[in-house]
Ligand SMILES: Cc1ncc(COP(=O)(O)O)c(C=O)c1O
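Single chain ahead, by itself, as structure tokens, in the form predicted alone.
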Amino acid sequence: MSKKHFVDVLHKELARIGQAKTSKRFEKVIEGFTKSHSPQALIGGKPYRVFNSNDYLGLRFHPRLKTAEQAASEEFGTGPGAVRFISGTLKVHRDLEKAIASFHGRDDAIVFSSAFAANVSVLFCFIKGQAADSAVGGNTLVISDALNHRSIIDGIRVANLPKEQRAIFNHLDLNDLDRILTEKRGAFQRVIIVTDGIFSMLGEAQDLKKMRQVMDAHEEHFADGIWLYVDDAHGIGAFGKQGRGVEEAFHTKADILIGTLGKAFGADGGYVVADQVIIDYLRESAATYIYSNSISPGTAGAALASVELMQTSEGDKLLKRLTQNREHFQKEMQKTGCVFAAHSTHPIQPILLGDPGKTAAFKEGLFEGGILVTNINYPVVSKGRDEIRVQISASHTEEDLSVFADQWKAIVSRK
């Protein structure tokens, strides 16, 4: 009887989600991709233009990455074998970490299975410390942007801090951050400010230079200082003239920077870069590094090739094309009268519709026209901020962008 009751509860919850038109489990099954400059997803044998991918530079289909992936798999096998401190570190993983550290101008890096895994573990280590007798934890205040990614939210939750050691500042509101730091002066030994670099639902950027100025004004009032922790998973490889994300755009470095290999770099896995002492501490303490396998050797080989490619003239050309495509898309969509949810200079271009029913209808209307997009609804965004999140790629052609705009106009005309 007890199991049946709980199963009924689950059925009711699924029905509630369905009625709210916010279901996420009915993913389209992609059977493959066309072999073209702008690869289209094959679903039911029909090609669809892809506008919901994080592959901002189109690198996941690049022959250089595929060749490197195959070579690394041939050399090291298809899997890592075990966690690194037990079975040893493969050279391809260390080569990748060194390349990432160099790309960001840091001492060292650690590769994780995902950026989500990196955030959960790294935040815990710096908020609480890994061991009960660790000197790392203690009287720490964590301040987080109100719209930070779920992985940051969960990382702070896992640390299980008392309420008085947690604070949230209004989204992108550095005056509110200044207010909190002023109120907390002298009450805490250490402060960790945590923020996304590019916010994944809006394409907005956190101004790290102004944030650092606010931090510097309060630094002396906290014995262990104020630390800046930035997750720039969507920015790295897609923002800044050389693709180094918000740090490059605002000429300011974080103390701890989280990135991903699974978006603009076209591979998979997450990473952290920082000073050597921080990386050494994390190798001793980060649970999702110590107790979880790393990415496969093939994936590491592909990611290494991608990081290297980003620093060539071809990488520069891809970044320029990405900017051109984003600007062309904005121009075409403004002609249709669409309202963007934010002013974004990032390839994330969120179109505000404000209603889950409308977003579902537009998503299906675009699908009928051979276009893949994703509707974003509560609780991923706030109620009334429902959107179609369009993601531009350097691999898109002008034809792709024009077809999207024409199909959007056709849907609007039917409403």
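Given the structure is predicted, the values throughout are model-derived calculations rather than measurements. Don't overthink the numbering: it's just position in the shown sequence, from 1.
Although not depicted, the form predicted together with the ligand is the subject of the following passage.
Stretch 143-151 is the contacting one of 272-280, 143-151, 212-220, 314-322, since its residues have non-hydrogen atoms within 4.5 Å of the ligand in the model of the complex. Using a 4.5 angstroms limit between non-hydrogen atoms, Thr299 is distant from the ligand in the model of the complex. The shortest heavy atom separation between Ser114 and the ligand in the model of the complex is within 4.5 Å. Among residues of the shown chain, Lys263 is one whose heavy atoms approach the ligand to within 4.5 Å in the model of the complex. In the model of the complex, the ligand sits within 4.5 Å of a heavy atom belonging to Asn119. Three-residue candidate spot Asp196, Ser200 and Ala233; every residue lies within 4.5 angstroms of the ligand in the model of the complex by at least one non-hydrogen atom.
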